[in-house]
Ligand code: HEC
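Quick heads-up: it's one chain on its own, the form predicted on its own, in structure tokens.
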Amino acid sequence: MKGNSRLRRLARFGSVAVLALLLAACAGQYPNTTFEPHSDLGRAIDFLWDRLLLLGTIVFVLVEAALLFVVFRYRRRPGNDVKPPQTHGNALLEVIWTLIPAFVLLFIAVPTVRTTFNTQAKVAAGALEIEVIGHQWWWEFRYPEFGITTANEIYLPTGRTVNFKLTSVDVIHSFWAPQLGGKRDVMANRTNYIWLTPDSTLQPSVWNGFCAEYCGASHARMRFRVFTVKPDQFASWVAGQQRPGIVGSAPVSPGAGAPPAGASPASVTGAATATMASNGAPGYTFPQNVPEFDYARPNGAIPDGLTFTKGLTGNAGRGQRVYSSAACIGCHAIAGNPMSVGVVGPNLTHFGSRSTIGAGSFPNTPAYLALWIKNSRAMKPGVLMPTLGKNEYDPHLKTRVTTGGLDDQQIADIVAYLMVLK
């Protein structure tokens, strides 16, 4: 009786646990799931997973059923103290339990090897090539077919195969967009490749991308966005990216509505997007502030003590002059600005059309950009970009910036310049 009562209690606890797991699995959205692939590569990996899970489940059920049968069939019973006969080896049984695992492994090996060869095969002719270069801690993307270089954002045409050529300038990284395909290591001493074809039926969408190999202090903030768009939208985006950055004259006020320390990015996103849209941008740009894609919005918090003067209005023309005489030109390139030809940091030619800054850490708005320029090292530990704000404390150098530092008005002007680069 005591045993039956214990079994009933275990059954109740087990039922509650299973119900909780089912409810958790059905709740909410999972934008980074690998179980809803949207490319041929993703489906190949998903099919292999499903096949191995099925075979593993069958083996588990059979083994557990046999185990339970033996446990209950041959358990010790009251009044039966007769010892069973001792068996010293059984050749037939040993052959059977050797052949069965070998047979199971064969069923596992065949689809695994086939999927491995299919996903490692040479990419088909006519694929769009994108060179992916990993940096601590941001991503550089080059489209050699079109002469385009951008950072932390990839535009892909649906229905066309894309071949990613992966290298690193420093440590090992790993390139991964969960809903599009498998991840692949990014190394300095080896070029790896991974190719996939976004589904032609996809509507314009945005997907999260990550570095999946620990690479240092800001590994978790080494993100990117993948925008899958229709072929005509991609062609329009390419045409816009091939032009030099357009410098407008609309003023930008980075201090207005600046996020307080620890604030959510949503507090300033709407106003900043309106400012950007009013300036216009050549070529297609994926729309921002679409509720359907809230999962792709950055959620970085502003460090305590980092503030910006409210009420300042930046001037793009003046900002171009300040930028072109500051340390910025030693690291960044801007097509159309002959002074800015650096290659250490991200290419800024069409910076104003991007959705995030700091490799997906913060939204690309005037308020956040001003704070980033002022003290990027406080906002993202370990970055190479120096602290530029006058009297700001540099957490790496352990000193305050005095000589050569930029005041808030100069930063506001640089922000205005960068935000109108379309």
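Remember, it's a predicted structure, so these values are computed and weren't measured experimentally. For every residue, the number given is its place in the sequence shown, counted from 1.
The next section is about a form of this same protein that is not shown, the form predicted in complex with the ligand.
**Student:** Does every residue of Ile130, Pro157 and Pro198 put a non-hydrogen atom within 4.5 angstroms of the ligand in the predicted bound form?
**Tutor:** No, the whole trio is out of contact, none within 4.5 Å by any heavy atom.
**Student:** The chain here is shown without the ligand. Which stretch in 354-362, 60-68, 35-43, 391-399 comes within 4.5 angstroms of it in the predicted bound form, by heavy atom distance?
**Tutor:** Every other range fails; the passing one is 354-362.
**Student:** Quick one: is Ala367 in contact with the ligand in the predicted bound form, heavy atoms, 4.5 Å cut-off?
**Tutor:** No, Ala367 stays farther than 4.5 Å from the ligand in the predicted bound form.
**Student:** Might Ala316 be said to contact the ligand in the predicted bound form, defining contact as any heavy atom within 4.5 Å?
**Tutor:** No, Ala316 stays farther than 4.5 Å from the ligand in the predicted bound form.
**Student:** So in the predicted bound form, is the ligand close enough to Met339 to count as touching (4.5 Å, heavy atoms)?
**Tutor:** Outside the cut-off, so no.
**Student:** So in the predicted bound form, does any heavy atom of Met379 sit within 4.5 Å of the ligand?
**Tutor:** Heavy-atom contact with the ligand at 4.5 Å: absent for Met379.
**Student:** Between Val110, Ala327, Val290, Ala239, only one gets a heavy atom within 4.5 angstroms of the ligand in the predicted bound form; which residue is that?
**Tutor:** The option sitting close enough to the partner is Ala327.
**Student:** Here the chain is shown alone; which of Tyr323, Phe175, Phe308, Trp207 has a heavy atom within 4.5 Å of the ligand in the predicted bound form?
**Tutor:** Spelling it out, the residue with a heavy atom inside the cut-off is Tyr323.
**Student:** Looking at the ligand in the predicted bound form, which residues in 376-414 have at least one heavy atom within 4.5 Å of it?
**Tutor:** The stretch 376-414, when checked against the ligand in the predicted bound form, contributes Lys380, Val383, Leu384, Met385, Pro386, Leu388, Leu406, Ile414 at the 4.5 Å heavy-atom cut-off.
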